[in-house]
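A single chain, nothing else alongside it, follows as structure tokens in the form predicted alone.
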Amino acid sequence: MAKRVGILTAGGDSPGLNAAIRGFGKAAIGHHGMELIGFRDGIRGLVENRYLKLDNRALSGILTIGGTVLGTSRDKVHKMSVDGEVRDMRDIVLENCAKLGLDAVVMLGGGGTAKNALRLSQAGLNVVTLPKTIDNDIAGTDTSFGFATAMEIATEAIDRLHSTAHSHHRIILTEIMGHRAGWLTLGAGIAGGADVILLPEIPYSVESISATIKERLKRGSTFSVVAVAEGARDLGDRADYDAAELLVKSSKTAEAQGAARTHLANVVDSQREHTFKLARELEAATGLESRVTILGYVQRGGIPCAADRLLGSRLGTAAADAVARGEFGVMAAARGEGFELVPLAEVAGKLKLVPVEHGWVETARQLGTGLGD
């Protein structure tokens, strides 16, 4: 049975990380008799051997704290910038873990962390991951901690924007995070009563959105609130992005791959302020003043909600049990009120996007919410 274990948080910060650290730590220390150390700043701390001992005193009082007490980073273990040079640091990680006498490392993070964990697992390290992201886009799990809190924050923002939109007879566009997945925008949009919800999975047309808003005007509603996912695009921009992404995937040589990635980056950069572009287009099409609110990082901050504290605690204790049983190379995934250990190979490099026939999408349509298609 594992006696000494390391834990780290990687990728973007998220509400519920500290609850999961606490959940794993209390179970590992108190129930399984393990010794626990926490690595600072994600993978970089693992490489640079920066850590602190985590005991019950260190874990006390962190349940309600947002972010992560361990710090985080977005480093890639096989392509890490060290002293101005990009290096593969997997061997260094293995050496550090061996010197510290670690039997396993628990990694809390999203899709990028799952990739790092799989690389380290394949290199011979005993790894277990926990699914963290406000985007809810991790494959193999029902949900991830951070999502529920972010959805509460985005919903409250939409609630508040209704009053100013109504008072000034405006269109208010609210840009919500989620990367390439629309879960956060869809959930908050429905819960907040948005009149239009725009998702990455459903390319929109300005004409369709305008028609929805004009129909509201005919019914006497002189304002509209539009929830816009940061990854949502109109039909033309989506086609440009998909073509650029396909070029990257189909490039055969390193030179072609580099050129394709540069082209994709340029396409992404050109579409970066798509919500402001949409606001201008809707103002011209409807005659209503349009304003944009970008929620940004406020969605990641603050005290985690009860659901995320509960989920982080549940999955943390599940991961402690997995480590105690010697089950590695897996992610502790949420399954209903329980959990399931999913092989990292089934998680890394995969995205959980919103299916266009999903129940939430159907709910939005039956509520009369415009989806821009």
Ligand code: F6P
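Just count from 1 along the sequence shown to find any residue number. Computed from a prediction, not measured in an experiment: that's the story for all the values here.
Here the subject shifts to the form predicted together with this ligand, a form of this protein not shown in this document.
Stretch 172-180 is the contacting one of 172-180, 234-242, 279-287, 118-126, since its residues have non-hydrogen atoms within 4.5 Å of this ligand in the predicted bound form. Contact annotation: of the candidates 224, 185, 113, 133, the single residue with a non-hydrogen atom within 4.5 angstroms of this ligand in the predicted bound form is 133.
When this ligand is considered in the predicted bound form, only one residue from 300, 78, 291, 263 comes within 4.5 Å through any heavy atom, namely 300. In the predicted bound form, residue 74 approaches this ligand with a heavy atom inside 4.5 Å. Not displayed here, this ligand is approached by residue 230 to within 4.5 Å at the level of heavy atoms in the predicted bound form. Residues are counted as partner-facing when one of their heavy atoms sits within 4.5 Å of this ligand in the predicted bound form; in 20-48 not one qualifies.
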